[in-house]
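First comes one chain, alone, set out as structure tokens in the form predicted alone.
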């Protein structure tokens, strides 16, 4: 492991490692076996205020660093992350619970977006346009906004902080990061690496603690100009309300109830691979996880058979063991929530095909393991087909045709990721047009976004913004329009003249 058991950690404010003002702490433990990861500051409003003040002061200088020079620092960060990939991967298998391949992919996303955004240091394009008047020149430019408060979840404990911090930094903002209390060691190491790569003091600050104290103060602080949050819909609504008084910019990435459509003509072996990966990768703890599978009736029976056979071969185990396919869920509360949805599905009359129980035999009993669960004969209006479970559970929903499949896929309050397996190009293009989601995959599962395209969703999945790609720059910059009149006389645009 990359950390020593029960090692004490601190906040990072203004380039210094400091304790919480209260002196209080909390412990991070492994969801796989309960081993201690470390002890962290249980911070409060006073710590947030100090971090924001430092970030605000650092912004005055960081915003003036030429964007290409900021990009050079990001290139160094990417190289440092590459060198630490193996150690971060190992730490993630212990603290978060992902299996090795997925943990490595989490770190790789951070590397990829850092290289990508480093290149934006020589772009950050604005626009030039003709003027309606003679001897006048028009353009628009991007400008940084100020202090960014980043509130990140535990399920992508390196990738998501990078999605938020790296674009914010290349645009010239400074950051206060509040990571999830379930994965503080990974956030700690990530920030350490940013500092090692040369991020100036005060530009990135880290404050550990709970959402009710640290997060709430960060959202309400008048000097924080942008809040970027990945979390639940309920938390997102509360953040919007709390930020309203200060008119803080708010970027939200919230829930999903994503569906894979499988038509009669689909390659069923490929579809099963996509379903297993999308529904049970990261133990179903992804906002893009496929918790619904909408199947045309001609393929329904055979798909069930193949899927159950494949799922029952998955091996549960600690993420650091090479032959583990599915790791633990994050904590006892999540384990109980996931099992409650199994009971709900049974109560609603869905057919439980496999799984549906806590795995407690042998060493699995030391952690929070849940057997991959598949329900069949699910009605689209059942709670297990409407509500986000955030665990290794998926629901098979039979439909008659493509029209019904699209209606069912769209018949939820979320709109993050979607997928269709078909060999009919016309059906594929109809799905691309009609599925109400920010992401659509053709002949692939619902997970696996690439960093150079926008990531995010429609409806209750967010508030219209996107992460990654060029779209991320819109979260962390404001537009300024500039007019240069070199006519030597006062010209009045939008004023009627006789000329």
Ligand code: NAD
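Residue numbers count along the first chain shown, from 1. Just so you know, these numbers come straight off a predicted model, no measurement behind them.
There is another form of this protein, the form predicted together with nicotinamide-adenine-dinucleotide, and it is not shown here; the text below is about that form.
Contact annotation: of the candidates 424, 238, 112, 273, the single residue with a non-hydrogen atom within 4.5 angstroms of nicotinamide-adenine-dinucleotide in the predicted bound form is 238.
390 is the sole member of 368, 280, 390, 341 with a non-hydrogen atom within 4.5 Å of nicotinamide-adenine-dinucleotide in the predicted bound form. Relative to nicotinamide-adenine-dinucleotide in the predicted bound form, residues 41, 87 and 190 are all farther than 4.5 Å at every heavy atom. With the partner left out here, nicotinamide-adenine-dinucleotide still marks one of 124-132, 209-217, 399-407, 137-145 in the predicted bound form; by a 4.5 Å heavy atom cut-off that stretch is 209-217. Not displayed here, nicotinamide-adenine-dinucleotide is approached by residue 229 to within 4.5 Å at the level of heavy atoms in the predicted bound form. At a distance threshold of 4.5 angstroms between non-hydrogen atoms, residue 165 is out of contact with nicotinamide-adenine-dinucleotide in the predicted bound form.
In the predicted bound form, nicotinamide-adenine-dinucleotide lies farther than 4.5 Å from every heavy atom of residue 328. None of the heavy atoms of residue 173 is located within 4.5 Å of nicotinamide-adenine-dinucleotide in the predicted bound form. Annotation for 398-428: the only interface residue with nicotinamide-adenine-dinucleotide in the predicted bound form is 416 [heavy atom within 4.5 Å].
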